[in-house]
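Just one chain follows, in the form predicted alone, and it is written as structure tokens.
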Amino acid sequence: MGNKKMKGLAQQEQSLATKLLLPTFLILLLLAAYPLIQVFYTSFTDKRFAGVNKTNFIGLKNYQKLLSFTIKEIDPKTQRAIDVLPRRPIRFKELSRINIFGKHYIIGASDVEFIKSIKDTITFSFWSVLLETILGLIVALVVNSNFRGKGAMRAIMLVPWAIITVVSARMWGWMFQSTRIGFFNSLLSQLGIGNGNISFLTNEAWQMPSIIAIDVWKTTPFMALLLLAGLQVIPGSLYEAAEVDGAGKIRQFFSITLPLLKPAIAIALVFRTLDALRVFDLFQVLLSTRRFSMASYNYAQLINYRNMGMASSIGVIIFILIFGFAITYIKMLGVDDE
């Protein structure tokens, strides 16, 4: 009798829990699933943003236009890109050229800007996250040590992160001015480096390093904060025991700090990498249409060209890329096992 009564109570609690969770589940379904399904559907149409024309279902044409590639052999002495790349039914433009065993090939893409935006976003994410992790770890180790003014230092280091991205981007845009009015051109000119007219944001070679430098300045404090939280939970008794055993600071770092900090590093890497892959503000404010990230190209298609169907297709591709990357990344770092 006692067991039956306990089972009955357990079933009642389970039923009550299901009823209490049902409204939350329905709200999540409305807030997350419905917009996602709507974007997926729109990506298969030629819908125009704020347009009055009839919307047609066009299948995979948006994806075909975004992701089509072709490789053709070319004689660089007698042929141009326009001579070898197909122009119908999709017009291909030159993306890059390669040389394999003396033969020249040209790679064409139907949407060169989108392919470049994927490459630039991945390059930006890799270098910015790498530098932020290294610098963030150094800052976290410094502010975790005992010295006077430690509290003030922790507050000051968060100032760049607290500034709104658009404001900091505009501020750095002024400092990167291509004349001596800009802080960096003025500084380099006084040091005798350069001619005082370096085009940090218009010269293609300087654009990516400049954008990465701004993001590292702004987001390193965030990484330091996450890593500092990981350092705070490492017991001090481990370091005392290591000192008794004669282990130096470097040995303590690689034998105690780094292994125990691995979960915090893994979580910080996942957060920052996924955030970097969605970068929009810096590219939009500083480079506008001169160079795109995936998100800013999506914005340009929707707002500048009103191609809502195409913009939805880009949104779906970004979603799939980030989702796949996140799953792979989390598995590789072992975050779900920690």
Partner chain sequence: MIMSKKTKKILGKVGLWTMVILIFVYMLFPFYWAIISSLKTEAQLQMMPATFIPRDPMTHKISFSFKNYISVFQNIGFIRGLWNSTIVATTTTVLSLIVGAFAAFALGKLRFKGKRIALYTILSMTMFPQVTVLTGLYAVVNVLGISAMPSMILSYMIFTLPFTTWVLTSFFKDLPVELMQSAQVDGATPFQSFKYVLLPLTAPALVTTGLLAFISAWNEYLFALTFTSIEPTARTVPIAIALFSGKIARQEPFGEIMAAAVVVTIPIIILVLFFQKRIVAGLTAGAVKG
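Since the model is a prediction, treat every value here as computed from it, not as a measurement. Numbering follows the first chain given and starts at 1. Rigid core (definition): largest C-alpha set, two forms, superposition within 1.5 Å.
Not pictured, yet referred to below: the form predicted in complex with its partner chain.
- Though the partner is left out of this view, T328 does not reach within 4.5 Å of its partner chain in the predicted complex, counting heavy atoms only.
- For the chain shown alone, A276 is not a contact residue for its partner chain in the predicted complex, no non-hydrogen atom being within 4.5 angstroms.
- At the 4.5 Å threshold, heavy atoms of S96 stay clear of its partner chain in the predicted complex, well away from it.
- At least one heavy atom of L135 is located within 4.5 Å of its partner chain in the predicted complex.
- Not one of A81, P86 and R272 is positioned with any heavy atom within 4.5 Å of its partner chain in the predicted complex.
- Figure note: of the listed segments 113-121, 202-210, 165-173, 98-106, the one touching its partner chain in the predicted complex, with heavy atoms no more than 4.5 Å away, is 165-173.
- In summary, among the residues G151, G194, P259, P235, the only one with a non-hydrogen atom within 4.5 Å of its partner chain in the predicted complex is G151.
- In the predicted complex, the residues of 26-40 lying within 4.5 Å of its partner chain by at least one heavy atom are, in order, I27, L28, L30, L31, A32, Y34, P35, L36, Q38, V39.
- A displacement of less than 2 angstroms separates the C-alpha positions of T328 between this form and the one not shown, with the rigid core held in common.
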